[in-house]
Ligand code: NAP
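In structure tokens, the next block holds one chain alone, the form predicted on its own.
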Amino acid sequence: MQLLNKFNHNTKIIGVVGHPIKHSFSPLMHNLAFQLGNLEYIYLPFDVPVSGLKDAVKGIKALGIKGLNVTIPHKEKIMPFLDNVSEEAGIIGAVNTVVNENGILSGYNTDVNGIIETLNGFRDEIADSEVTIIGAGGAARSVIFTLIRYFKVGKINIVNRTEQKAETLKDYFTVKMFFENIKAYGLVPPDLTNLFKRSKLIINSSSIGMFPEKEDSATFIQESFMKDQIVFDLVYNPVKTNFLKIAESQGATVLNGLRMFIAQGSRSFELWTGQEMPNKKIYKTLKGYMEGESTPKSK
């Protein structure tokens, strides 16, 4: 009876679309936030293959779903199916949040907010510095945009398993944001170690080290870090990846992806509901859950 009382004809549906989707903690985070805020919303996962994305977007309008998060592999592919995109999403070329206002779908990229929130305390150190980014997908696009627009970095290196994809991203931002000091590299040790050691900031925007493949990140980065470096991993599960553990053991300042995950989710939450998300409570709950608590606590 409690469940029946909780959901009614006023309940608004929010979801996340991706493929696969089972790894996402977004349903847990947002349903907890709705519960803490006593809001009549529910957040659901939708596993949508690329071939079904266009129809899924039509369904959002037809069913009156109020909003979405968008994850791999749809962040770039969903854009042609939206009615509007924000400035940052248009420049980045990727959307991670959709708001449905009476059948008008607007796309945003709140990853930018998450990156700003995570790196804000290091602005002076990052300005005019050399930065290396691992990965060349939608998350890397958000990172590159944010570093150029908001942190005024001096040089960006993009490292990717497929070097051509890194080259494509380099060319894109050279033209799109008139940023010429950007280079592309393949993921090839030992050259990678030299690249890392001259970088003030190193960001992993790839899925390397993500649960359940937690061991992936350790093989190519041994002895790659230095004291006074900042190392940021966008992977949030596990909270401290092998990538961060190795960097920390070599004296670097490490930043986990959970804070970014919550900060980007907080901005999405605000776009959908007009209210602030209780970030501190959410962080404490998710961190405890990922580190071994069997049941997330809402208080």
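Quick note: we count residues from 1 along the sequence shown, nothing fancier. It should be emphasised that the depicted structure is a prediction, and the values quoted were computed from it without experimental measurement.
Separately, the form predicted in complex with the ligand exists; it is not shown, and the next lines address it.
Although the partner is absent here, R161 sits close enough that one of its heavy atoms falls within 4.5 Å of the ligand in the predicted bound form. Though the partner is left out of this view, L32 does not reach within 4.5 Å of the ligand in the predicted bound form, counting heavy atoms only.
Contact check for L68: every heavy atom lies farther than 4.5 Å from the ligand in the predicted bound form. Using a 4.5 angstroms threshold between heavy atoms, F261 counts as touching the ligand in the predicted bound form. Screening V98, I202, A140, A89 for any heavy atom within 4.5 Å of the ligand in the predicted bound form leaves a single hit, A140.
Just one of L187, M226, M79, I126 comes within 4.5 Å of the ligand in the predicted bound form, counting any heavy atom, and that one is L187.
Screening 261 to 269, 40 to 48, 239 to 247, 59 to 67 for residues having heavy atoms within 4.5 Å of the ligand in the predicted bound form returns a single hit, 261 to 269. Contact residues in stretch 52 to 80 (any heavy atom within 4.5 Å of the ligand, taken in the predicted bound form) are I72, K75.
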